[in-house]
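Below sits a lone chain in structure tokens, taken as the form predicted on its own.
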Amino acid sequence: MDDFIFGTLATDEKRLAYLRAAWEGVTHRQSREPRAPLPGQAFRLTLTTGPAYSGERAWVYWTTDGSDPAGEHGVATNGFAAPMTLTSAEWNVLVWDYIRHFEVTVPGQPDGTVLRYRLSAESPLAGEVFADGGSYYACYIVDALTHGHPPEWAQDAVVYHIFVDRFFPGSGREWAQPVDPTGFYGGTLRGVLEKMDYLSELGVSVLYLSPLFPSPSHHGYDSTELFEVEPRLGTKADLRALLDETHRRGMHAILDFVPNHISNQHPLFIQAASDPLSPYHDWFTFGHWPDRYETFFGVRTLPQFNLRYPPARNYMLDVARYWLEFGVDGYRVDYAIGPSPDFWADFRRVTLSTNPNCWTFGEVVDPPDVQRAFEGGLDGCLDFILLEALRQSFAFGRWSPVRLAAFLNRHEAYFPSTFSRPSFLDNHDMNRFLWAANGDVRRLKLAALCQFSLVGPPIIYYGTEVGLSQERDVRQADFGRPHESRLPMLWGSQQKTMLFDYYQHLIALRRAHPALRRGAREVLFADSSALAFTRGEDSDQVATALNLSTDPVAVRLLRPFGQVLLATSPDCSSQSTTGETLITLPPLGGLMLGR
């Protein structure tokens, strides 16, 4: 593979194994319709059985009081049970056998209900088996008014992703000089606060801060305390000052929230691993106490929280509630596929009841069907699938404009309009886009032009707007070294000011034209070299033309667009006549036009 994107399906071999597992056993995988039922609205659940387990009968067990459903062979011992109906069977080429589908309709429930459920299938030979390894699922029934998520401010957002340790140390302080990029560079919350004028000048409206809780690492995804601020980064007073200033400027701030795992130096885990009778023993999942336990990707320093255990779940929900009450406006949720699926209904209940106007989206580096399953638990997911398409098309030049156009049409049609899909070109876990593009700023500008012309709220990874890259590839000797893409922010004369001006212009255009945030998209032109599409209607319509080739091209649009809003290069031009527009683009050039 020519690109590294961290996740459970990072290789073709892992993707094939994922497909086989999805069809061979007893699976549900949150196949629920509608996925976010309204009060009183019945919903349908689907169960699939494959050749590894040929179920003859199937059941659903559920509760509405927050407890776990229990029962066997279709008889509930806690909550309710109902049989499922065999609805279809089909031949599956991948497993070379039949798979079968069962369905059941669950009655509608009152507003505010968390309906928790499990599904099972039974055969005479194998007995009863619960779907997806015995997983518990849940949905939060919420009223129609609150159901209108994501909030308006999120739909209009331009997000700036700040790795706090790498952004700015503060006036009078120099960057630290660690031995390698895994060390501490000395960025602080006060440093972010001092650069608010810079961020306002750029035009972003949402700050997304990397984990800022106490942690032994530079990245903070291994917290030792979830209710405090890492002293290296500052204090709660510093965070309060930053939030106050953010809100004073009409901006919002979201935190990186990590519910799946903590540091093995966290006092809760130390107690659990020190005493088998500790009240915190079941907050984690020990295969063999104390040396074998569930972790994040096999990393022993990152024990996984057992969010199926009510005290542990309530603790993590208290964390989510605490920082919303403190004043943050939402969460980017790290590794959202890690926690038990039923956790997200409780998370939704807590976040919406604490701040109905909050924005939550997940890091789900999985296929679109897995991402879409989070509807009703989160406002949406980071658009990793679009990320791949943009990097393949613009950084590597491997996708043709025709393929990109077809992908965008299918991708946008797959997700409901209420599902938030923040877009990005790179982040802290992969090679920066400029590095992947071999330093070709033309490719970055073209990719950003496309990104800002699409529906999802765009995210800018700190420094991209001024040409920050890296020194080494994140892939070294078959290992991922993501810290290579987390170098300190460029300031002063180190910045590419022309690139800053370009991003500033892009952001201003997106904020000025509702069509770029909410308008319908229509492809006007696509061939082996170039792509052009519009957003919006006659009253506010914007056209974007992109030359993905390394040769000059001419594009004819059968609509008049007289105003050049933005060009990636002075060599881009357009001429509008009655009923059409002729566009001339240099290699890897692009234009945004208005009517």
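All values reported here derive from a predicted model rather than from experimental measurement. Numbering starts at 1 and follows the sequence shown. We call the rigid core the largest set of C-alpha positions that still match within 1.5 Å between the two forms.
As for the form predicted in complex with another copy of the chain, it is not shown, yet the points below apply to it.
Trainee: Counting any heavy atom within 4.5 Å as contact, can you tell me which stretch out of 248-256, 382-390, 463-471, 181-189 lines another copy of the chain in the predicted complex?
Mentor: Heavy atoms within 4.5 Å of another copy of the chain in the predicted complex occur in 382-390.
Trainee: Is P368 close to another copy of the chain in the predicted complex, meaning a heavy atom pair under 4.5 Å apart or at it?
Mentor: The answer is yes: P368 has a heavy atom within 4.5 Å of another copy of the chain.
Trainee: Answer yes if any heavy atom of F6 is within 4.5 Å of a heavy atom of another copy of the chain in the predicted complex; otherwise answer no.
Mentor: F6: contacts another copy of the chain in the predicted complex.
Trainee: So, L16 and another copy of the chain: in the predicted complex, are they within 4.5 Å at any heavy atom pair?
Mentor: Output for L16 is yes: heavy atoms within 4.5 Å of another copy of the chain.
Trainee: Any chance D12 has a heavy atom within 4.5 Å of another copy of the chain in the predicted complex?
Mentor: Yes, D12 sits close enough to another copy of the chain in the predicted complex that at least one of its heavy atoms falls within 4.5 Å.
Trainee: Would you say all of A89, D97 and N409 touch another copy of the chain in the predicted complex, counting a heavy atom within 4.5 Å as a touch?
Mentor: Verified in the predicted complex; spot residues all in contact, yes.
Trainee: F415, F284, Y160, Y331: which sits within 4.5 Å of another copy of the chain in the predicted complex by any heavy atom?
Mentor: Among F415, F284, Y160, Y331, a heavy atom within 4.5 Å of another copy of the chain in the predicted complex occurs only for F415.
Trainee: Name the residue from S31, S54, S549, T64 that puts a heavy atom within 4.5 Å of another copy of the chain in the predicted complex.
Mentor: Only one listed residue qualifies here, and that residue is S54.
Trainee: From first to last in sequence, which residues of 101-134 have any non-hydrogen atom within 4.5 angstroms of another copy of the chain in the predicted complex?
Mentor: Residues within 4.5 Å: P124, L125.
Trainee: Relative to the superposed rigid core, does P124 relocate between this form and the one not shown - that is, does its Cα move 2 Å or more?
Mentor: Yes, P124 moves 2 Å or more.
Trainee: Inspect the rigid-core superposition and answer whether the C-alpha of L582 shifts by 2 angstroms or more between this form and the one not shown.
Mentor: For L582, whose C-alpha is compared between this form and the one not shown after core superposition, the shift is less than 2 Å.
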